[in-house]
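Only one chain is shown below, in structure tokens, and it's the form predicted alone.
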Amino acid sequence: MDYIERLENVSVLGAAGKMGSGILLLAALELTDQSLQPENKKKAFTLNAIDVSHPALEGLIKYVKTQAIKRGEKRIVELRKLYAGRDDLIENTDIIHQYADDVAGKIKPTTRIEAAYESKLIFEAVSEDPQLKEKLLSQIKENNGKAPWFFTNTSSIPIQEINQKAGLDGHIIGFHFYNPPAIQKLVEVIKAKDTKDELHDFALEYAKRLKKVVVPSNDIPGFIGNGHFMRDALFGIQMAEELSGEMSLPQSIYAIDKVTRDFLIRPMGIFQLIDYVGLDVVQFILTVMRERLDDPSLKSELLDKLADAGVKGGQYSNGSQKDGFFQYEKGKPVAVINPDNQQYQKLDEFAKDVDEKVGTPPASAIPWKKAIKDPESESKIKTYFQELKSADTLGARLAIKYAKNSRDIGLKLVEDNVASHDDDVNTVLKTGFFHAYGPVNDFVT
């Protein structure tokens, strides 16, 4: 079965979710692009959008059409060639809207998993629950006579474990999109011990067609991305708890978040990033990793306390941020939680005092937005860290301590054979987490 045949009938499980909708969009765009090729004009392409939520499915087509129009506007020269045989399509607007209609027309929304029984390729993007994934994939395998291939979007669960428990005979690969899938360039590809070589080859070809940056990760719980992020987050929580001996815990949470954002030139502080991912999601991934790696250090009592109290973070369906360690207004943190009573304390009550205690980064600091666009950022960041190491401020000391630990985490991922090379760790953090530099470097030592 060649590349095109595999795409003739595709299903996305969890298609209306935050990750699933983006994965569905990318699949719809690729199926449409293939259907417009002259040699494929007579072939039918079907994309089943499977989800348990009727309301969410209802809004899916509108989302796909809106995004397809945006893509079409950027590709109008190419689309004019693809639609060259259509005499009824003259204006650019007509071509773009026809393209959007074609993209949306490939999608068949349904709440019935039976739709996947005819698919040759299945993307799984349900919640990060091993038992749920195994149940759904096993059910499809048992009822699908097409020998389907499974792409799982898990960010932490070993692929070989899912393969064995669902009885997939090596017809599965980890294809971990980063959020949001339609924008993020990174895909972690995780080949299990039994994953078929031809499936792996197909996955690389699909990623290439989507213009994704592929980083291979070995099949170890958490993979590269969460292997680093979970430990980085735990260290941030540990530092905040240690700093709470000098200031209140809400103040120390704010301070560490500020240091990891402003002093380390990151797009978000570590606590805001935890909020973005979701405290409950982080808690679950830590549990997956802790149990499978037999590592009791992969746990935070503070995180568990807040998550168990219903402080979850994550996003609403409209994309706005839910409260977590921080309380948000119009997407910006305005208060920080007091874990002792789960009440939020306004930042304007203490932020100025904490800022004075932390200090400011050296004058050579580069704002993150400029750093990621500056072709000379690497040399400038190296100079900045030289100044940071000699600065005698609380913020500088905390930043260097944090950066060294981040580097150690990256080196350990290579030592433990999660990543094959330092560059793979750096690419994941730079591409998937939008860091301005990789954690494994020579300027923080």
Partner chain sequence: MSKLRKKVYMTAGNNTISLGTGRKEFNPKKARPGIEHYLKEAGQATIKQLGGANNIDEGVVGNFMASRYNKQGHLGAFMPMIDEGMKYKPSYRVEAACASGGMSLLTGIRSVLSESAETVLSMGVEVQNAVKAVYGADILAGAGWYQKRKNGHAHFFPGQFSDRAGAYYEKFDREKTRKAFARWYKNAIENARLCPTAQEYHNTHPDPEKLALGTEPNPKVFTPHLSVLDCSKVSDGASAIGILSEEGLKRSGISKDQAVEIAGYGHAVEDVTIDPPEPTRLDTMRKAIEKAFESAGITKDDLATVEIHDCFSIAAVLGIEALGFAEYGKGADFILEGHTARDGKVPFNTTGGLPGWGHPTGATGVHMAVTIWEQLTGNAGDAQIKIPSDRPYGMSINMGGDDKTVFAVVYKKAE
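As the structure is a computational prediction, the values presented were derived from the model and not from experiment. Numbering follows the first chain given and starts at 1.
Form predicted together with its partner chain: not shown, discussed below.
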Counting non-hydrogen atoms within 4.5 angstroms of its partner chain in the predicted complex, say which of Asp355, Asp129, Glu114, Glu73 makes the cut. Glu73
Heavy atom within 4.5 Å of its partner chain in the predicted complex: which of Ala363, Ile183, Ile90, Ala309? Ile90
Please determine, with the chain shown alone, which of 148-156, 184-192, 92-100, 245-253 has non-hydrogen atoms within 4.5 Å of its partner chain in the predicted complex. 92-100
Within a 4.5 Å heavy atom cut-off, is Ile69 in contact with its partner chain in the predicted complex? yes
Does any heavy atom of Arg261 come within 4.5 Å of a heavy atom of its partner chain in the predicted complex? no
Residue-level question: is Tyr83 within 4.5 Å of its partner chain in the predicted complex, judged on heavy atoms? yes
